[in-house]
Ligand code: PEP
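Just the one chain here, laid out as structure tokens, in the form predicted on its own.
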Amino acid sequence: MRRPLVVGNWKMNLTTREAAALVESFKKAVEILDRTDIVVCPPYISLPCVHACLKGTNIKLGAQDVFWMEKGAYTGQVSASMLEDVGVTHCLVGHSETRGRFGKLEVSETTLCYFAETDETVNLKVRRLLYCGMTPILCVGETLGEREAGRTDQVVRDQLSDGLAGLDEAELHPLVVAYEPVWAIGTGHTCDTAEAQRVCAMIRAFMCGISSELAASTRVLYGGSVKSSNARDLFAQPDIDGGLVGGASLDAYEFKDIVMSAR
């Protein structure tokens, strides 16, 4: 049986002091929970501080991104071994915002080339994380235009196929997949529960093409305006094993209620 997983993505929010305060409030609320895996992903700068705050708890530390090279002249990048050194066990890969695919655009369109993630770089990052014994959380999802064009399934399949290219069943067992419809990220719009389940089932069917055992064990999360008011219905679906939570993870008690919904 797949164990529920809830991941909080703090994005570019909170100073180190604010991050520590949030963890202190949140960990007290969930310290009695032992049937759900919990991961929080603060900005790079807060990773050491948050790691220290999480010691002795059942909450794991995640990162929001990684670079695929071990070391070198890559100004501004952070390697998997650097993340591991500060206690990171999980890492988001290919989030729509690193791909330059925004549900709610708050930067100029002329700057979107700055967000240059591709399926090739996603694949390189997944490979590096697996090599280092860490858990990649591969994010996939379609834009509003792609959905309206009837291309949701093809876009998601392509992201999975290219992102996992060259990896075999034995290597992929730690993998987590997060379905995040881009049009629902930061917009307040949530994918209809039945449709979220359909796409997550399609993701599981894709994994079944690699092996039935991998499909049965891979945890598939839903992300995109997850909040306590909709989490229970989403997490009750047979192919949704938890959530990738954005803004709601910045509220300790809201996030606690979401985690409770995944039990």
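Start at 1 and count along the sequence shown; that's the residue number. In this text, all values refer to a predicted model and were calculated from it rather than measured experimentally.
Form predicted in complex with this ligand: not shown, discussed below.
At a distance threshold of 4.5 angstroms between non-hydrogen atoms, Val226 is in contact with this ligand in the predicted bound form. In the predicted bound form, at least one heavy atom of Leu244 sits within 4.5 Å of this ligand. Within 4.5 Å of any heavy atom of this ligand in the predicted bound form lies no heavy atom of Glu142. Put simply, His95 is close to this ligand in the predicted bound form: some heavy atom of it is within 4.5 Å. With this ligand omitted here, the record of contacts in the predicted bound form names 184-192 of 184-192, 143-151, 105-113, 163-171, defined by a heavy atom within 4.5 Å.
Annotation for 8-28: interface residues with this ligand in the predicted bound form are Asn9, Lys11 [heavy atom within 4.5 Å].
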